[in-house]
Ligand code: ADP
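Before any questions on how it binds or moves, here is one chain, the form predicted alone, in structure tokens.
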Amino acid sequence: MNFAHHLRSLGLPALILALVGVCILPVPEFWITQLNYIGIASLAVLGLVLLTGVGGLTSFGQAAFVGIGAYTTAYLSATMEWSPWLSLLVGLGITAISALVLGWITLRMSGHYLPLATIAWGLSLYYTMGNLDALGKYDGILNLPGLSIGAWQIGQQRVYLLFTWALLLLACLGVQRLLDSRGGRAIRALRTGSSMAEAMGVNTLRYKIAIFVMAALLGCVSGWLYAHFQRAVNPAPFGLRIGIEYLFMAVMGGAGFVWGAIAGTAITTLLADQLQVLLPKLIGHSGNYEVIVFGVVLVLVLKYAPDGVWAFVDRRLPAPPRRDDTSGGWAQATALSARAKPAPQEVVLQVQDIRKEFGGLVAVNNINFTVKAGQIFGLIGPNGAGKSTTFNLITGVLAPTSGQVTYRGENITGLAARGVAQRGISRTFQHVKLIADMTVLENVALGAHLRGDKGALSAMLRLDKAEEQRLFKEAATQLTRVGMGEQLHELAGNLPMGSQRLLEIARALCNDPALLLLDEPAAGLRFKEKQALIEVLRQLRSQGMSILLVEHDMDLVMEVCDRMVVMEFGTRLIEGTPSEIQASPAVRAAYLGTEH
């Protein structure tokens, strides 16, 4: 191991030793207080890193969930004289239910609905806390008890710092482990590849709600710590402005990095403290001028360092060891169980009179064809013929207006993309969809999502090791199958177009499908890349794979297809073998505008 790897591996122990040293050495109490505030706020910001930076879901309401944790423990421990530890459990329960309801309503929608809902949620909770007599209105609740474990008083300063940072570092480690798992790959696909993830069998709504609840729970713990550190609560630290500050901290540190939560919180907290002293001296009178400075800083960060401060640190350190490394032992893992395959010449897919209308436009008009086991079936036609729409009707992206799609004797008409994948149909995309900052092996392992079942807790506790090794073994097998066995650990975003197309095929094969649907796999490929693709398709056919191919490259189609359907203006023009299609005057007229 070289010096750089030593540096990264020693980072966490060094941080722990530094914290212990701060508590032992005669450090000013002000520093201890600041470190406590940084640790407490970092927990809430860590939730936003998971939710916004990784999952791509913007929330302005994180401070509201911090407020639930703070006010629940304040009311129960100060007014009802409950144990603070029991009040934490109650707060987590209330937070989880609130986040589930809010997420269930808003996360089904796209765009601006979640940010608007979290703004409304934050405002309503803020004014609720400020107007209820039981919660002390805007004066809040005073005289909270301190935290203790048995007879041992945790206090408010140095021991509290160790306790707070222990929780924070455990949370960071847990989130990091989660993101490096089967569920983590699904979460990392949410921001840029939701439609692709659904086609791989990922329940994207479930994962969105899950990370929304996790972020809220981290906020709740932050609020609980804050309340017992302050020994008092009032609505001011839980308003919309503080929710925006949490987002600012996440962006400043690096919203896509777990350790960016601590970096962003520390920089923002320390900078705010210094500006509150320096700006009045420079300007000549007091005011909240640091807010103006923060606004300018945020614009500059978004412009010149959109990945945050931690990105500069992270890129100078070697990549941390990941579970997709060959040293993890997955090469010796047992193979995943395989689904039953169709018999030779068995009808795998039957499309009967499917029709799709968009208002008054008929995009697909009563199309019929049948695909058998071990057959490459082509779907061709000029631009605008309705090929991609037909493809999307089969794969569940669109629901047909009428007609029926049958897969291995089962009616799958109108099933969502996830349901189609569960039955053994996999697909690629016309425009390549992959997660650029994940390795080739991780991208392909996402295709085997349905073949695993370990959840978030198993990932955080590393109880999913055996399953992860089996998933990576399957991904490596499929990459070798398509000729990419030497590129397992490259970043997917660095691959040329031809390799990206092959990666998509390998990812689709990880689902162990009986039917593979390829949407223009030769688009953008050079001659040698196209020849490699042809060899892969022939190999898959020889192994009994059924393939439905939508393609514009006529040379490739005529070379690999057994049968094909030609579409024109949404209707079926002709079906036949490649030689029959080439000889058809109607096909020449459709493509060239004349029969000659």
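Since we're looking at a predicted model, the values are computed, not measured. Residue numbers run from 1 along the displayed sequence.
Beyond the structure shown, there is the form predicted in complex with ligand ADP, which is absent from this document and is the topic of what follows.
S.K.: Would you please decide whether residue 389 lies within 4.5 angstroms of ligand ADP in the predicted complex, comparing each non-hydrogen atom pair?
M.R.: Within the cut-off, so yes.
S.K.: Is residue 384 one of the residues lying within 4.5 Å of ligand ADP in the predicted complex, judged by heavy atom distances?
M.R.: Residue 384 belongs to the contact set for ligand ADP.
S.K.: Does ligand ADP come within 4.5 Å of any heavy atom of residue 361 in the predicted complex?
M.R.: Yes.
S.K.: Among 96 to 104, 301 to 309, 361 to 369, 413 to 421, which stretch has residues whose heavy atoms lie within 4.5 Å of ligand ADP in the predicted complex?
M.R.: Looking at the other structure, the answer is 361 to 369.
S.K.: Using a 4.5 Å cut-off on heavy atoms, which residues of 404 to 424 contact ligand ADP in the predicted complex?
M.R.: Read in sequence order, no residue approaches ligand ADP (within 4.5 Å, in the predicted complex).
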